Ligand SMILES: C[S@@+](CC[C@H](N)C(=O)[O-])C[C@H]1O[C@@H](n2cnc3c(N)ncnc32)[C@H](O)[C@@H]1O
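One chain comes next, on its own, written out as structure tokens in the form predicted alone.
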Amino acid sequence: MITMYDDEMAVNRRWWDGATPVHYRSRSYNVDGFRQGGTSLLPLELGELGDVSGRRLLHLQCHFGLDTLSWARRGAEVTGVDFSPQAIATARRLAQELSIPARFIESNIYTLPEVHHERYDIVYTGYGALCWLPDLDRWAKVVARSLRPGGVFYVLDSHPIMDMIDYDVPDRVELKLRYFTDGEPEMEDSPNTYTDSDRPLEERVTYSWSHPLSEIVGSLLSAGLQLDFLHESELGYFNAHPLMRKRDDGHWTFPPGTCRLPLTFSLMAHLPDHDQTVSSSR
């Protein structure tokens, strides 16, 4: 089925195919450190999602699988999904190399229910994922469809306010005045990825979409999930401005007295159990 923005997502898929080997070799992803037993997960998500041992976890937009495999090392039974063939192939090789049990599925998020029908205890989406999705209502329906009754969804991503920070003003924090958008994608043409790059990319163009918090929360509620919490944090996950500094725990923050804006948000919601829904409606 042809839908709006399929062409833009196809462009993005080609970009991710080209970016995967660059990311795999980059200092930012630190695959060598992961090989030695490290984790790609940060304290914020580890503390909020908690113990995942013995639980079935579906990771949407998993890229080449570092976060997926990190959850596996913490005892989850993991499945990662991504639309990039190169990313999925790399994830499978890494899992096999390190003997980490994991399954990886190549699929566009929107068409996942057509090829995969299992349900999970946890559906997880990590940093830097939602901006690549044009339609959050369709996304939220896939999330709900992938959860067992009583299962939880957890997402940790850039706060929409952080996306307004102007990186090109190095000595102070200024915001671009565009919290609300018209839903049209923003095109970027760059020879580099968001990591340290060792060579220019052949595919330079990407498309991304901005989503206010109300749209993110509303899409999940409309899909039938119930909100457990919505948190905002001053802890970031990458260098979004020249004034930011990296902490020892891997998070990025502004120095004290410089700026106090939310850099990330985290959300947990659950798919109600049928028996609980019936009981609460009486």
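From 1 onward, residues are counted along the sequence shown. Worth saying up front: this structure is predicted, and the values here are computed from it rather than measured.
FYI, the form predicted together with the named molecule isn't displayed, but the following is about it.
- Between 72-80, 182-190, 130-138, 91-99, the stretch whose residues reach within 4.5 angstroms of the named molecule in the predicted complex through a non-hydrogen atom is 130-138.
- Proximity of residue 29 to the named molecule in the predicted complex: non-hydrogen atoms within 4.5 Å are present.
- Not displayed here, the named molecule is kept clear of residue 265 by more than 4.5 Å at the level of heavy atoms in the predicted complex.
- Contact check for residue 84: a heavy atom falls within 4.5 Å of the named molecule in the predicted complex.
- Although the partner is absent here, residue 167 lies well away from the named molecule in the predicted complex, with no heavy atom inside 4.5 Å.
- In the predicted complex, no residue of 233-268 lies within 4.5 Å of the named molecule by any heavy atom.
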